[in-house]
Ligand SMILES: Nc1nc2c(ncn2[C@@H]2O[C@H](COP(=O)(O)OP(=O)(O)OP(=O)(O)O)[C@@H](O)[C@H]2O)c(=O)[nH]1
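Below sits a lone chain in structure tokens, taken as the form predicted on its own.
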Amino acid sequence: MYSMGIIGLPNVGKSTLFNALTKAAALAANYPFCTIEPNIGIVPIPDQRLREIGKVMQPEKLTPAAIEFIDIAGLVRGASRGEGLGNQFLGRVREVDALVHVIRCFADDNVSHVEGDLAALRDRDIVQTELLLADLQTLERRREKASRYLKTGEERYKAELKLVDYLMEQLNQGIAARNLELKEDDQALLSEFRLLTSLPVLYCANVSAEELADIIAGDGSGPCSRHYEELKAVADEEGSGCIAIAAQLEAELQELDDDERQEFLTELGIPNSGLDRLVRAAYQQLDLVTFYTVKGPETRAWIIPRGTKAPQAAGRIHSDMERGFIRAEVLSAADLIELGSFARAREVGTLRSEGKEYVVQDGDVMLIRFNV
């Protein structure tokens, strides 16, 4: 399962957002929600295709794909040197696949700001700087180790030292590792370093409920809108995601039933919940695709990295299926929904057989054949 770490300064709304996410997951029909720890929750990905496939297949159980969200302790200046809960914070961040960086864009005299005043880009930069400093410490340790092993004469240590020096130069200039263009071999080596700034980032601008509808519509003019537009410009420049969300509103929405929730959103002029937009944006930031399995009593969605081949996709279901993979019978979700059954798809020639080199496409429905 893919995980997103919710990070940011103290008092920006991380826990409010996390609580809304996990309560929404707990209310999701037919999904075995679990809270692994008080600060870890598993949240289903909204999936209209899965619901449509379910109408066709009529399974006993319909299971969406999910993303794990981790509410990580607030970061402060000096976290890379152990200030506050810095060591705990940075240790947890290394465990995730991507980051949701919550940044406060609302003013509230009842909620103190750790920096004294509201400045979204400054707050973003504080967290970014601490991540950069922590990565430089990591790279310095790697450099010392590679330097010691140079005397062995192995080429890989020369290559590692060259990459480490390049990374340190770039990070010292404030450039995150995720924004560097590297050769394939260097990219593979970078992944071993587990640098914090190599993780994909989704900026989550926590705005007021009063301004949210205007921001979504693109015609906001209030202070929240200004901070959001500044963040979005930075996100666009570095290739990261950015959404606006009112965390407190999302928490309040979870107290309503489905019909009341949608009616309230409609009255506010908001097309869908912030949690739906957040989960979808997180999914996109991780560059994932969805495929479906329909055999037996369960119809289920699975998420895999874009570009995954069929045997490795089968391995997401069970390792035996990858080892014994023979072929997969495949058709698109759209074709299955239109034709109404695998049998009909086979009759008209839409169902096809794919081998080990097939790259799974978003929306594929698969019957996997394998030897035990």
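Because the structure is a prediction, the values reported are computed rather than measured. Numbering starts at 1 and follows the sequence shown.
Here the subject shifts to the form predicted together with the named molecule, a form of this protein not shown in this document.
**Student:** State the residue from Gln128, Gln248, Thr290, Ser240 whose non-hydrogen atoms include one within 4.5 Å of the named molecule in the predicted complex.
**Tutor:** Looking at Gln128, Gln248, Thr290, Ser240 one by one, just Gln248 meets the 4.5 Å heavy-atom criterion.
**Student:** Go through Leu121, Val111, Leu182, Ala233 and name the one with a heavy atom inside 4.5 Å of the named molecule in the predicted complex.
**Tutor:** If I apply the 4.5 Å criterion carefully, the residue I get is Val111.
**Student:** Consider Ser15 of the chain shown here, and say whether it contacts the named molecule in the predicted complex, taking contact as heavy atoms within 4.5 Å.
**Tutor:** Output for Ser15 is yes: heavy atoms within 4.5 Å of the named molecule.
**Student:** Are any of the heavy atoms in Pro200 no more than 4.5 Å from a heavy atom of the named molecule in the predicted complex?
**Tutor:** Looking in the predicted complex, residue contacts with the named molecule do not include Pro200, since no heavy atom lies within 4.5 Å.
**Student:** Pro10 versus the named molecule, in the predicted complex: is there a non-hydrogen atom within 4.5 Å?
**Tutor:** Result yes; Pro10 sits at the interface with the named molecule in the predicted complex.
**Student:** Tell me, yes or no, whether Ala73 is in contact with the named molecule in the predicted complex, where a contact means a heavy atom of each within 4.5 Å.
**Tutor:** Although the named molecule is absent here, Ala73 would touch it in the predicted complex, with heavy atoms inside 4.5 Å.
**Student:** Going by heavy atoms within 4.5 Å, which of 192 to 200, 205 to 213, 265 to 273, 151 to 159 lines up against the named molecule in the predicted complex?
**Tutor:** Result for this chain: 205 to 213.
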